[in-house]
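For reference, the chain that follows is the form predicted on its own, supplied as C-alpha cells.
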C-alpha cells in the first residue's frame, strides 16, 4: 500500500531515530511512504487558543493529501488524533466544511473528503497484520522485557478508533511487541499520562507525572520503555535526567521507539535504526540482541 508520511513538528527536530526506523520497517513490510513537502502543523498546539484556526491548519494538510489521492500516516499520537478528528468534523458538517473551504481557496486548496488518517501502529496492525510481521521476523527478541506506553492520544478520538483498540483496555502495542519475540510487561502506570501536555505551564508538575512511570519501570527492571509518540519521548527520555536530579534518585530507564524494536526483530542493525541517537542507550537490550 501507499500513504503520505506525516512527520509533524517534533519528529524532524528531536526524533530522527523514529523517522529512520519507521521508513526502514515500512519498506521491509511492503508499505510505500511518499512525502509531501508542503505539509505543515497539524493544528493541535493551537486548539486551546482557537479551535477554528486549529481546524483550518489540519484541513490544509488534509486538502494536500486529497490532492495526492492518498491517505495520511502520522507518527505522533496528537497529530494522528488532530487530523483524524478534523476529517471527521468536516466530513459530517457541510456548513463547517463550506466555511473552511472559503479560507482554503485563498491558497488554492479545497477539501471535499474523505481522507483517511492513521497512526503508523494502526497501519501495521490493519494493513500488515500480526501474522505477516511474525513471518518476517528473522531475529526474535527472546528474553527482552519491554514496557509499552500508549499515550493519551493513541486512541483519540475514540469514535474513530473503534474496532482498532480499546481506550480502557488497550492491547495493540502489547501484541505488536509480543510478535517480535519480546515480552510485553504489564504494569500499574501503563495508562498514565507522560505529563507533556503541561510542560509549557509547569515543568515540576509535568516531571512529577512522568516520574511515576519511570520509578515503577526502574523497580521492575524492564529493558526499555517503548514509545510511539515523539512528545512522550520529550518527557520520558528528554526530561529523565532532570527528573532523577530533582527527585534525588538514580533513574535510568532506556527509551526506544516501537519501530526500532520491530527493526531489530526484522534483522536490521542498531546503526540503521538510529540507536546512536537514543539519549539513554538500551545497552543491555542491544547486548542481548547481538548475542
Partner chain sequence: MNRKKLNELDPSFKEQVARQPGGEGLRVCFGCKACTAVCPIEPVDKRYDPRKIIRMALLGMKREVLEADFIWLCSSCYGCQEVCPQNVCFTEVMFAIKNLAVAEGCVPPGLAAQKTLLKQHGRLYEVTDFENEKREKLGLPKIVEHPEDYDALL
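Residue numbers count along the first chain shown, from 1. What you see is a predicted model, and the numbers here were worked out from it, not measured in a lab.
This next part talks about the form predicted together with its partner chain, which is not shown.
Taking the partner as it appears in the predicted complex, which of 152-160, 169-177, 216-224, 120-128 has residues with heavy atoms within 4.5 Å of its partner chain? The contacting stretch is 152-160.
Check all three, 9, 57 and 85, heavy atom within 4.5 Å of its partner chain in the predicted complex: Heavy-atom distance to its partner chain in the predicted complex: all three under 4.5 Å.
Quick one: is residue 202 in contact with its partner chain in the predicted complex, heavy atoms, 4.5 Å cut-off? Although its partner chain is absent here, residue 202 would touch it in the predicted complex, with heavy atoms inside 4.5 Å.
So in the predicted complex, does residue 49 come within 4.5 Å of its partner chain, heavy atom to heavy atom? Because a heavy atom of residue 49 falls inside 4.5 Å of its partner chain in the predicted complex, the answer is yes.
Applying a 4.5 Å heavy atom distance criterion, does residue 258 contact its partner chain in the predicted complex? Looking in the predicted complex, residue contacts with its partner chain do not include residue 258, since no heavy atom lies within 4.5 Å.
Using a 4.5 angstroms cut-off on non-hydrogen atoms, would residue 268 count as touching its partner chain in the predicted complex? Judged by the heavy-atom cut-off of 4.5 Å, residue 268 is well away from its partner chain in the predicted complex.
Stretch 195-217 - residues with a heavy atom within 4.5 Å of its partner chain in the predicted complex: 197, 198, 201, 202, 205, 208, 209, in sequence order.
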